[in-house]
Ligand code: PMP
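Here we start with a single chain on its own, the form predicted on its own, put down as structure tokens.
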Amino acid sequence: MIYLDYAASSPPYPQVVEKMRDIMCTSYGNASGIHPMAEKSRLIIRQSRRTLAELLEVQPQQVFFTSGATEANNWAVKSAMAAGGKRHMIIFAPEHSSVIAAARYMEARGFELTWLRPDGDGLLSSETVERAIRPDTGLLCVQAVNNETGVMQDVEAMAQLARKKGILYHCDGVQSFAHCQQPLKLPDFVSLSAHKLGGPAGVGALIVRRPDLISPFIHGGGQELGYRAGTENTAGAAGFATAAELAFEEKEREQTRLERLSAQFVSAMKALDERIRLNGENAPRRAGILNFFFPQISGEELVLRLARADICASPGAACASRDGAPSHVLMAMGLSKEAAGNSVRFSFGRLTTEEELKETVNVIRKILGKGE
């Protein structure tokens, strides 16, 4: 099988699986207890928090483990607006669905939203953001890297603008952390997910510049420094930290390799048909996430036919690919409903080979009726 859906979820590192297996077998105590096994679990969580903090260049007390980035996004948006005393927030239209849904939730409770669209390549300028800021603006949500197109935003410029204007900045850093060079220590809130970088599913983190910016999101206990109730996922936290360490160790080398593979794949796809277009081609991009428009076939049909050849790709974000609706990301970039529906995301990572990509191109050639 050829797996080209890393942006949805990535294969775990063998070291992560082994680490988690060992902890689940030998360190299964509830970290909230007072006995030796509980202390062992607490030490594992403490070290995992410290590891992530060092990689992010923040303090351990700024790192809060969650069930994933969806929870982290909801926590940041809802608590920041509820506690800030301001009633207006600015949302980047191509945000992940969990950010959009959280914003809509707050809108239904009387908060006001301004949606900002990117240019045709998926970029949002700080000038556009500045024009949208009002005296009652409390929160700005602009992601680091888009999960469907790989387009990178200027995180530093957004953080500087937010700080200058006295508003909070939430950044979805899921597709950036351990993948590319973006200053994720600068935003007020950063959401992360372990399974996008070779860690386990069901574990994420919210990085908070100052803990007083948030309020407890899940109630019932004193876990996570008193901000998130629930028995700690000791093995998951350790798996996340281990995966992040491994990903950082090979980050520069892997970036170079994925940039080369991405360039080759784009060139080969365009050679199939000059009308095939890379969405967001002229923007700064994270290597390994490519989204193509196909002029003569729907994205869903192409993905299904690729699946018959044991090739895994996606017509959009995993959380929305089953509903059949055109990508809100691509439509925010100005693509028509039809063009958005005729687009497919290919995302690859550390186990992807040049031979696999060549085979994928050959299968697409046959699907499109382009001969051998």
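One-based numbering along the sequence shown. As the structure is a computational prediction, the values presented were derived from the model and not from experiment.
FYI, the form predicted together with this ligand isn't displayed, but the following is about it.
- The candidate spot formed by His96, Asn147 and His195 is fully in contact with this ligand in the predicted complex: every one of the three has a heavy atom within 4.5 Å.
- Look at 65-73, 27-35, 40-48, 336-344: in the predicted complex, residues with non-hydrogen atoms within 4.5 angstroms of this ligand sit in 65-73.
- For the residues Ile167, Leu206, Val142, Val174, the 4.5 Å heavy atom test against this ligand in the predicted complex is passed only by Val174.
- Taking a 4.5 Å heavy atom cutoff to this ligand in the predicted complex, none of the residues in 18-46 make contact.
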